[in-house]
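Quick heads-up: it's one chain on its own, the form predicted on its own, in structure tokens.
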């Protein structure tokens, strides 16, 4: 039997999961857990970068995310769901990796820049905020995965992880810089140069109006109050979709751009979630010709979204009534995660010649 390849991905706990998480990564996780050895991180320490004054909220968000994972169908017997702060090897690797990345390189990370702008932080953010970009490298590389399922906005973080892996393997393992990325481990490196796996939708828009500054639809986000959550009840889904932004010229939409998913969230959602592509094509044309209005198109979308998340809601209610099952799943996953992360740390310290005391023998796995 061949050993399963490993996958690592996760979420910073800022609340419950929404449809953007679903198409960005969670769908992939469900499909991949049959075939891969999956590790799903709840990055509670990263939540402290902007909410250090609300530790109770962070704790609750960890439990909400874990419950959402289980409700979506993540199986704790096959996939490890674990809590970042309970895996100390990640912290030690973060320190070592921070020595391999220039500060100005971290600050050039476009995702970091976007977060500073979108959250209105200006220059008023803790040192830990840029440090978390290096911490994400440790989150990932501690598990030496082959694939990382992510949304498009996380690609800059993954590129930094790839740079760190190359730098470490070249500096401490003697890997030739001319080595192809796929061959770093076979060439003697500790860390693979990881590959991203994007969801089928790179960036799901929210339900709200476009940005006043750019005119572009904003990404779905809890903080922007434009999200539909996987735990929303049917009435809430109905209310959110009926209040969804649509083009002001929708009554006579002669410009094809007015049904462009990049400009109209109503059609972005139908293209993403409606399995009846013939209905979508037909009604898009009717909409353009002014023969069907928002109400009919929104009512269909309400039906589609509720059909998607109704089984998730049902499973969530099950786990909400059994909180001990959620904790048990986290305990099991965190135990498995610590085995791999400690093994990685020992391999890294051996490569760095910082293994001063006898350790149990470790093999790559």
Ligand code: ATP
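Keep in mind the model is a prediction, meaning the values are calculated, not measured. Positions refer to the first chain, counted from 1.
FYI, the form predicted in complex with this ligand isn't displayed, but the following is about it.
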{"item": "Close approach of residue 14 to this ligand in the model of the complex, 4.5 Å, heavy atom", "value": "yes"}
{"item": "Residue 80, heavy atom within 4.5 angstroms of this ligand in the model of the complex", "value": "no"}
{"item": "4.5 Å heavy atom contact, residue 153 to this ligand in the model of the complex", "value": "yes"}
{"item": "Interface membership of residue 134, this ligand in the model of the complex, 4.5 Å heavy atom rule", "value": "no"}
{"item": "Among the candidates 239, 167, 288, 203, the residue which, in the model of the complex, approaches this ligand to within 4.5 Å (heavy atoms)", "value": "203"}
{"item": "Candidate from 162, 144, 283, 219 lying within 4.5 Å of this ligand in the model of the complex - any heavy atom", "value": "219"}
{"item": "Heavy atom contacts to this ligand in the model of the complex at 4.5 Å, residues of 304 to 337 in sequence order", "value": "none"}
